[in-house]
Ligand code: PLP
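Let's start with one chain on its own, the form predicted on its own, as structure tokens.
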């Protein structure tokens, strides 16, 4: 009998955290590393929200609470959904979780059986694909194209649907691309789902970046479309839009109270409850009017950085970069850089075992880190299945403008250093 369960071989990871070991290696060597890898705002949670939770903690509100979430926070979330999506939901449909990541796993555990098909965007948040393989489902990635702004059409979705489809994942605004599904996109997608899918097919609407949109755009949700609230698990939280990453505040709105009760039971079995004093701060994020100004100032800063970094990337030989419409990432195509530095040839020269550990984009990612102190993420970090031949990097612009400018200058220098890349592969031997 083996020590470890067989299913662990099917569990993926989030490389934005995993690459931290490589970053630490470089730091230990005395390098100054510019971190474009983590999707965390460089802002801090607002003082007026901090104070709410501090006051609650000092008042002794630190015990167990309802595993579904405290009533006042769930009511605030329900009010937010009504105002932002135009749909009435009850607090009994709302479940509070430690961040917006647990509802992904809860959704797979609740609805998906081995062999069921799961349709998801790729590139996309890597935990989607991780859970697909972990539960033994069949992955059906929709490969997103830079030519369409990393959105997809209803026709593309329809081509991926079969009788075995059980779950459809949407993420808008998107990680890692910054792509946004327009209201027209979502309306057409809803039409396809109503026409082609059984009533028991569920949609997972990941809207964690709902507050971070550029160029005056407003957030649109599949949840607002006819027939969708009764099919959709709507998920968001406080990490991105409110810069409350370490608070671990997320939430899900379930189609029915019975389905919400299952998520509550999963909370009981895994985390018991989210600390109540943190939930009070989360409630204030929706109810205190001053939060709007705080969020707006942060989004404006992200937009200024985007408007600088995209032209700067496009000025680098071998790089093309689309203008993201939301979130705080840029996702440049670096195929030209891989060609210029001889990375494709170096990749083909690797052993079959080494090739399974990396990609051409992954080799560029590590070259930029180990030789130029710039931490990025490669395309395969956001869904490996079907990603062959796609060569992109994700850069988080949740950094100071000074760090962004220094990082882009280093990348510009690196793309001319073919000898440096050749020596890097020989000296580091990261994939042996």
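Positions refer to the first chain, counted from 1. No experiment lies behind these values; they were computed from the predicted model shown.
Just so it is clear, the following notes concern the form predicted together with pyridoxal-5'-phosphate (PLP), a form of the same protein that is not shown.
Just one listed stretch, out of 240 to 248, 154 to 162, 224 to 232, 286 to 294, contacts pyridoxal-5'-phosphate (PLP) in the model of the complex at the 4.5 Å heavy atom level, and that stretch is 240 to 248.
99 is the sole member of 91, 99, 255, 362 with a non-hydrogen atom within 4.5 Å of pyridoxal-5'-phosphate (PLP) in the model of the complex. 171 is the sole member of 278, 167, 171, 76 with a non-hydrogen atom within 4.5 Å of pyridoxal-5'-phosphate (PLP) in the model of the complex.
With a 4.5 Å cutoff on heavy atoms, residue 177 does not count as touching pyridoxal-5'-phosphate (PLP) in the model of the complex; it lies far away. Of the heavy atoms in residue 150, none are within 4.5 Å of pyridoxal-5'-phosphate (PLP) in the model of the complex. Although the partner is absent here, residue 125 lies within 4.5 Å of pyridoxal-5'-phosphate (PLP) in the model of the complex, judged by heavy atoms.
Contact check for residue 338: every heavy atom lies farther than 4.5 Å from pyridoxal-5'-phosphate (PLP) in the model of the complex. With contact defined as any non-hydrogen atom lying within 4.5 angstroms of pyridoxal-5'-phosphate (PLP) in the model of the complex, the contacting residues in 187 to 220 are 206, 208, 209, given in sequence order.
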